[in-house]
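First, one chain by itself: the form predicted on its own, in structure tokens.
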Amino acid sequence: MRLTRRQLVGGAAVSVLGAGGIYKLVDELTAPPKRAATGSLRPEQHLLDGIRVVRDNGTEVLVPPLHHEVVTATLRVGERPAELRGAREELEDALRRLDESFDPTPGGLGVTVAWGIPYFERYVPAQAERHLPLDLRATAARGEPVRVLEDAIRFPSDPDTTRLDANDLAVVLRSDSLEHVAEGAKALFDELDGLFRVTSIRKGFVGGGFEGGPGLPKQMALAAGIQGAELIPDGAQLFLGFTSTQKAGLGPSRIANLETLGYADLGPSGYFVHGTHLHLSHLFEDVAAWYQVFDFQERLDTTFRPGLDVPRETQTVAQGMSEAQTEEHVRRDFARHRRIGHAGSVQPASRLDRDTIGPDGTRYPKGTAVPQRADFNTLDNPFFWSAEPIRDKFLDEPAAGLHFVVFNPTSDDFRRTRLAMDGVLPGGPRLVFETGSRGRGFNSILATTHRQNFLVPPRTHRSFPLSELPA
């Protein structure tokens, strides 16, 4: 049975932040994965303990939290120091209570608070000028100072309608429990509504059929009446079929921290040590075209690299260091096949080009992935709720898509990787595709509606960063 937007939201009488809508079905369709019982609060907000690792097709795969929610907002707080001090204390008290109530694991609740450029420019401009880290690599490449946090841009494959958002903050909530996510959202936005004006609520889920069965994407897409839902393979982790959380394909431990790879100058105070960068976007996915227009080999070529040979209907494809493509590989494949694969094209930009030792002594070998993805399936269109539905083109019907959440060391690091997805390679050459060509990879069946970049402070400075410092 197809569900309407009214059924998705749960009706006007229910607080939108607490409403589960169709996502309540997740708990009816699957049981939470087995997890570590407890975790510890790390200096980093974006890292969760207790992530389960399973093997699928001989490859280690991370099992993310089932339920995800991102809430974006602008501030209702005045700019005077006393008002900021009171707001900081109020937010930190609420966050501390959540820390005391839930372990920072998928079985508890992960909370990540990220701040956008509008916040830094309006509320703490002088402090930001002194303390926002510089991106050393981007500064050298462009010949002018570049901060680790930059405004989002439209990429070559983005439509002209892609909206570049201007929120003051975004909060990422992750848990195997929909109730825990709802409690976190209510504690921060219902109970502190004097601080924030919520601009969007973005909900979704992640879950494959690693333990058998059809898997969540297929069942949820069928429930929502998504065109082509019946074609999604059983056991798929995402609507588009292939597993995206191979352990070797995601950045390990603290690699996405601002300080780890030496990309950033954090200044004499090191205020943002243990922080990172967050990119947030929403993409529609044309599920029917993906399965009806592309055969299995084309889907494989498009997702990974042209000419890849694996058994038919394989979903988890190894993405370790030995499978990663170099820029030369991508150019050669394009010359031969006139197409690029998503994973292969971004690997020259998203993998380390040399062995690196982090400041804590951790060794990251050449070929190690850097981005730490936390994206999730969604049926939002484009959001679960919008404060400005006309502006955001909010529609009543469910739609298959992805809320893309990724942690990189800097805005420029994300930009390099995303440009590579469009064939703009790190070494400078740009691959030119024919108009409408399926050789463009994922870009032929994806459409991005919104983008924004944020800075994630360390846990100690997560509440109104820099506001405690003199101007």
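Residue numbers here begin at 1 and follow the sequence given. A quick note: this is a predicted structure, and the numbers were derived from the prediction, not measured.
The form predicted in complex with protoporphyrin IX containing FE (HEM) is left out here; the points below concern that form.
> Quick check on this chain: which one of 334, 196, 304, 272 has a heavy atom within 4.5 Å of protoporphyrin IX containing FE (HEM) in the model of the complex?
Residue within 4.5 Å of the partner: 304.
> Name the single residue among 48, 421, 63, 26 that comes within 4.5 Å of protoporphyrin IX containing FE (HEM) in the model of the complex, judging by heavy atoms.
Among 48, 421, 63, 26, a heavy atom within 4.5 Å of protoporphyrin IX containing FE (HEM) in the model of the complex occurs only for 421.
> According to a 4.5 angstroms non-hydrogen atom cut-off, is residue 108 in contact with protoporphyrin IX containing FE (HEM) in the model of the complex?
Residue-level check for residue 108: no, no contact with protoporphyrin IX containing FE (HEM).
> Do residue 280 and protoporphyrin IX containing FE (HEM) share at least one heavy atom pair within 4.5 Å in the model of the complex?
Flag for residue 280 set to no.
> Hey, in the model of the complex, does residue 425 get a heavy atom within 4.5 angstroms of protoporphyrin IX containing FE (HEM)?
Answer no; every heavy atom of residue 425 is more than 4.5 Å from protoporphyrin IX containing FE (HEM) in the model of the complex.
> I'd like to know whether residue 343 contacts protoporphyrin IX containing FE (HEM) in the model of the complex, with contact meaning heavy atoms within 4.5 angstroms.
It does: once protoporphyrin IX containing FE (HEM) is placed as it appears in the model of the complex, residue 343 has a heavy atom within 4.5 Å of it.
> Please determine, with the chain shown alone, which of 64-72, 401-409, 426-434, 49-57 has non-hydrogen atoms within 4.5 Å of protoporphyrin IX containing FE (HEM) in the model of the complex.
That would be 401-409.
> If you look in the model of the complex, which residues in 341-380 sit within 4.5 Å of protoporphyrin IX containing FE (HEM) (heavy atoms)?
Residues within 4.5 Å: 342, 343, 346, 347, 350, 351, 369, 371, 373.
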